[in-house]
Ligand code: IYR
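Just the one chain here, laid out as structure tokens, in the form predicted on its own.
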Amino acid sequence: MATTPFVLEPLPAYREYTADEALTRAQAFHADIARRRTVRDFDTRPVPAGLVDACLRAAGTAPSGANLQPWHFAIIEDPAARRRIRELAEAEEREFYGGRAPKAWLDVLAPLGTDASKPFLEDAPVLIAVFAQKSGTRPDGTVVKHYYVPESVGIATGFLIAAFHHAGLVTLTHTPSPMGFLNEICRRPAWEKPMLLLVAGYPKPGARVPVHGGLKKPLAEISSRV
């Protein structure tokens, strides 16, 4: 079956900066994104209407294999649904911490002080279940296979985390395993794979996080020039 070629247009809205401006912007972005912290203590106050949608629109601009955009973001704000997710996630977590996880994995987690209790799944006003789509449907009803699905979904999720931070919210990535219960709760088809739960909202007053200094690898360890 023939495919419709992309229609090309002049590169829209591109901005080039002087070397000094570019460096200043890059440094400012680093300084801002470096403030981002994973938070486990969430306030229960709601997120303003429209803010989640604005952040999701930013995530939707992420690049993807053949521009097929193999993701779906299920927004979970209903208290009863969040309570049910907590119940099911904690059941899986008890299995994880109770013997399913290898000791080496538990040893790595130990400094963070995590356990099977996940109150943030109920306290935070917004949960977003991120689903990866192995295939999609064209407007004419034909099915098209998606490519580079994990890579594409990962990039879009990174955009979403950055967008929430830019808007003054905090987030936590949570990955109970297995996560099949999310398909039922979010009414998503079985062929969509839940990748993670993104917890979003405001930090609880007095929220505490692990000391950050020295935990992030320096540039020399995360990059090289060839």
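Just count from 1 along the sequence shown to find any residue number. Everything numeric here is computed off the predicted structure, so don't read it as measured data.
Unshown form predicted in complex with this ligand; subsequent notes refer to it.
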item: Residue 165, heavy atom within 4.5 angstroms of this ligand in the model of the complex; value: no
item: Contact label in the model of the complex: residue 175 to this ligand, heavy atom within 4.5 Å; value: yes
item: Non-hydrogen atom contact residue 110 with this ligand in the model of the complex at 4.5 angstroms; value: no
item: Residue 148: touches this ligand in the model of the complex, heavy atom cutoff 4.5 angstroms; value: no
item: Contacting member of 115, 77, 95, 87, with respect to this ligand in the model of the complex [4.5 Å, heavy atom]; value: 115
item: Answer range among 150 to 158, 68 to 76, 130 to 138, 101 to 109 for contact with this ligand, defined in the model of the complex as heavy atoms within 4.5 Å; value: 101 to 109
